[in-house]
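Only one chain comes next, encoded as structure tokens, the form predicted on its own.
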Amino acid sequence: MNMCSYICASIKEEMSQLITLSVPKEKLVKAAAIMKLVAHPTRLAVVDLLGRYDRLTVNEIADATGCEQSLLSHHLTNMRLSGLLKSEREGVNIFYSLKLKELSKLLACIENCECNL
């Protein structure tokens, strides 16, 4: 190995030690999967509502979002099956709530974002 190659390799090694991720890669993968699951205005609205009201019925969420009940039920089912929501039946009503309470923080980040959203 000539001197130039040795110096370049040494500098590259030092640089790789200085440049690190602030969040572990595993956590980034999980966050990306969660963001992909909620990456729709209706699903974000559901997260927002359930973050503020703990548990709501399909009809309450439909009224608040203006989304058709059948389409909303589809979103809620997918969110429940993916582990974001939980549901409880009480009589004829099914109440939905956030399984991952931390999701409501995502909406706070969006609300406070100063990136011209």
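In case it trips you up, residue 1 is the first one in the sequence shown, and so on. No experiment lies behind these values; they were computed from the predicted model shown.
Keep in mind the form predicted in complex with the DNA is missing from the figure; the text below concerns it.
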### Query
With a 4.5 Å heavy atom cut-off, would you call K86 a contact of the DNA in the model of the complex?
no
### Message
When the contact criterion is heavy atoms within 4.5 Å, does R55 count as touching the DNA in the model of the complex?
### Response
no
### Message
If we define contact as a non-hydrogen atom of the residue within 4.5 angstroms of the partner, is S82 a contact of the DNA in the model of the complex?
### Response
no
### Task
Flag L106 as yes or no: does it have a non-hydrogen atom within 4.5 angstroms of any non-hydrogen atom of the DNA in the model of the complex?
no
### Residues in 68 to 83 with any heavy atom within 4.5 Å of the DNA in the model of the complex
Q69, S70, L71, S73, H74, H75, T77, R80
